[in-house]
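A lone chain, given as C-alpha cells: the form predicted on its own.
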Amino acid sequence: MGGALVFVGFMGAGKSTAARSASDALGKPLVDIDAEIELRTGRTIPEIFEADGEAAFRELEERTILEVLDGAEPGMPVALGGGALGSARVREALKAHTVCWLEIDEATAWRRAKRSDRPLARDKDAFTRLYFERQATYEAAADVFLPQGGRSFMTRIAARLLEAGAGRRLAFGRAGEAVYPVWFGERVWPVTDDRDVVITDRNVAEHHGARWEKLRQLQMEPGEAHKTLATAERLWTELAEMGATRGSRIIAVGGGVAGDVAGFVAATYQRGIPVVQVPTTLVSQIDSALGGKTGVDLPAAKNYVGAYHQPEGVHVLPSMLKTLPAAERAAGYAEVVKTGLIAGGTLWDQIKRGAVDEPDVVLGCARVKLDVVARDEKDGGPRQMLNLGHTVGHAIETVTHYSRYRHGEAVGLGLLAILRLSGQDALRAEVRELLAEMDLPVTMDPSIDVDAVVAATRSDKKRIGANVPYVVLDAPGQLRWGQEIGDAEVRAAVEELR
C-alpha cells in the first residue's frame, strides 16, 4: 500500500512485541509511540497521566502520532497505544496506512494489564467497559486482523502485511503449525501459474470462467448429490492424465460442495498437494472454505470420508455472491444466523437488525470460524460449537438423500430443533422469524419419517462413543458442547418441526 504498518489493539495485546518482530523481519525501523512520547518528554506515561491528566496526554499522543505517520517510510512498523484511535484525526490519518489489529480477549487483557502500572488498568469494571467500547473502533479501522497470539508468528507473516490495505483486508487462519492468509476484497484473486489446476462446478464456470481461462480446468456437476467418491475418483484420474504433479496446486473455485471435493482431492492426490480456496457462496465464504475440513458423502451419512487439509490461502471476493440465485443466498443465511448465535455480541446484533451478506458481516462470520478453528483444529472441544444445528440438519439431509433441502435449509431446521432442546423458546421464535423473512423453511415436510431422522442423528460423524454430542445454547455467545440428549427429547423437537 505504501504507508506504515500501524499496530493497534487493547492493553496487553502485544502491539509493541508484534511491531518489533515485524521490524526485525522486514529490516525496517520501529517507532513505539509510548516510548517516543517518553523519550520526547523525559517522563513515563503514568507520570504524565498523574501530573497532567488523561486529556493532556491524549493531545500529546495525537500530536506525536500525526508527526510520526507524516514522516513514516513505507512498511515501517508503528505501535500505537490502546486509546489512540479515540482521536478522529488519528483515525483519518490511518487511512493512508495499513492498520494491523492485534486481537485479545478481555480476560487475558485484564490478566496482563492488572500487573502493570497502566493508569487505565486499576479498576476491573472500568477496564471491562473500556475494552468493549473500543472493539468496534479497532474493527472499523483494521486492514489486517491478527488473531490472539499473532505476535508469536509475526516473523512468518510480516511480508504478507505489506500486501494489505487499499481495499484488501487480511485475516489469518491457524491450525496446529499451519498459518495461512485469508483475503477479503475485490482485488484478491490468487496469483497463479501454468502448473495450477482449477477445480470448479459447471454453474460456477458459467459465471466466472473468464477469470481462469488460461489455466487448466476440471469440472464437476453441481450439488450435494455429486459430493461422492465417484466424483473424487474421476478428478484424481483426470489430474493424473493431464500430468499434474506435487508441484501443482488445486485452485478450488465454488461453493461448499466444490470446495470440499476439491480440497479432498488435493489432500489425497499424490499424498497431498496444496489447495487454494476461492469460495463463491455465502456458506463457503463464512464457513466451509475455512478450517481445512475436506471430504465427500456416503449414502449412509454426510461427510463420512475426508481429511483435514489446511489451504495455502483463501480468497474471498464479495462480488461473487451477486451471481447467487435467491434460494442459494437464503440457504447461506442460515449459516450466518448460526454463526451469529455462536458469536453473540455485536455480530448477533447486526444480524438481528437484518444484516444478511454485507461484506462486514461476511468478514465477521469468517473471523468467528477462524478463531474457533485456531483453538481446536480437529473437533476435540470448542470446534464442536460450529456444529450448532447441524446434527439434526445433517440427519434431515441424509434421510432425504440430499435432494429435498439445500444444506442451509436443513441447518435452519436443525437450529430450530436445538433451540427447543436448549429451552430457548423466545430465541427460537426470534430465529424462526429471521429464517421466515428469507423464505427459508421453518417447518419440515410432514412426509419425512421422524424416527428415521432421529436414527440418522446417531450416525453423526462427531460421535465417538455410545452417544451423539450435541451443542446447546444458553444465550447468544454462550454455548455448551458435548451434551447428551435422549432420543425421546430429540424426537419431540423433530416432530414439532412437522
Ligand SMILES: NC(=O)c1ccc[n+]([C@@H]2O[C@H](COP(=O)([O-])OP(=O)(O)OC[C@H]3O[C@@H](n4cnc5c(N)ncnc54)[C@H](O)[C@@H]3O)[C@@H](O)[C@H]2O)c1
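Sequential numbering from 1, following the sequence displayed. Note that this is a predicted model, so its numbers are computed, not measured.
Although not depicted, the form predicted in complex with the ligand is the subject of the following passage.
Across the options 300-308, 72-80, 189-197, 346-354, residues that bring heavy atoms within 4.5 Å of the ligand in the model of the complex belong to 300-308. Using a 4.5 Å heavy atom cutoff, Val257, Asp287 and Lys369 all lie near the ligand in the model of the complex. Note on the partner interface in the model of the complex: the residue among Gly381, Pro222, Gly272, Gly149 having a heavy atom within 4.5 angstroms of the ligand is Pro222.
Of the residues given (Ala417, Val283, Ile251, Leu388), Val283 alone sits with a heavy atom within 4.5 Å of the ligand in the model of the complex. The ligand is not shown here, but in the model of the complex it comes within 4.5 Å of a heavy atom of Asn203. Among residues of the shown chain, Glu328 is one whose heavy atoms approach the ligand to within 4.5 Å in the model of the complex. Although the partner is absent from this view, Lys227 contacts the ligand in the model of the complex, with a non-hydrogen atom inside 4.5 angstroms. Residue contact with the ligand in the model of the complex: His207 places a heavy atom within 4.5 Å of it.
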